[in-house]
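In the block that follows, a single chain appears as structure tokens, in the form predicted alone.
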């Protein structure tokens, strides 16, 4: 049976871009999201407006689609386990389940050959003090679940910062070694179970814990880049993860450290739409539709800029840059630090981008 309709759990910008690429492949889409004005609803052929913990609505999505995917991590994996036995959830629940808990995620990375920062499971203040004693300052507290874009994180630079843990203690957390890394880099891969394709690595620059720029090529040492790609692909194969997986690494000298992973399209991979011969959304759709994967190649040096709520007034200035491709997500409410869109600049490197920004803004 040919697969022609993709069901997507989540209707944000990632779901929207999956729908856009599915249309180009001749496929239909149906999206589930609780927001009546979800960006993907404007593109999808059908939609279901319901909460993500509405099991009946999720099952309705599965019944009405040939294959199911998810565009964010916080889908209930216990629901997917039940639905996976009856419907075609090709990526399965495992990459989602493994990535939903930072202790589980990092333990799994270590078990499959990826180095991480040292870490400790923390619930009580006593746990926290013991972890800090082992690691020293600075170190970093994170909630074990539901953290994103810097939320649920506390940088501990001295004993004066321990009081900042009070809102989180009592719940599951992790304290990890602070890696004084040179930069962060991420890799996006897609696997059909036999082969793993990977997109060129991006170097990521954050502001206030939120991705600001992705720069490709990343400017890594060739040896480090080759080892990182090989290790990431082997990790995906060893874990038997299918579909898409993005991994963020910290790069320090000639070493790379697993930070976190996401079994969905990734913000740092948005550059692939214009920067490569194929893109992360298209290749995930190809996998879902049982189409052969295409090996990605970088077409131009590329810089991707996130447009947050506070950046919206400057979009016209960015649009005036050469080779600028503007993607606005159609979100109805503009808020500070909310991701409203992104702009990709091809034939662009970091120095040229910074020069243009300083002149324009």
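Because the structure is predicted, anything quoted here is derived from the model rather than measured. Positions refer to the first chain, counted from 1.
Heads up, the form predicted together with a small molecule isn't pictured, but that's what we're talking about next.
Though the partner is left out of this view, residue 220 does not reach within 4.5 Å of the small molecule in the model of the complex, counting heavy atoms only. The small molecule in the model of the complex is approached by residue 117, whose closest heavy atom lies within 4.5 angstroms of it. Within 4.5 Å of any heavy atom of the small molecule in the model of the complex lies no heavy atom of residue 71.
In the model of the complex, at least one heavy atom of residue 142 sits within 4.5 Å of a heavy atom of the small molecule. Note on the interface: of 173-181, 276-284, 89-97, 223-231, the segment with non-hydrogen atoms within 4.5 angstroms of the small molecule in the model of the complex is 173-181. This chain lacks the partner; the member of 77, 198, 107, 153 within 4.5 angstroms of the small molecule in the model of the complex by a non-hydrogen atom is 153. A single residue from the set 192, 248, 161, 101 has any heavy atom within 4.5 angstroms of the small molecule in the model of the complex; that residue is 248.
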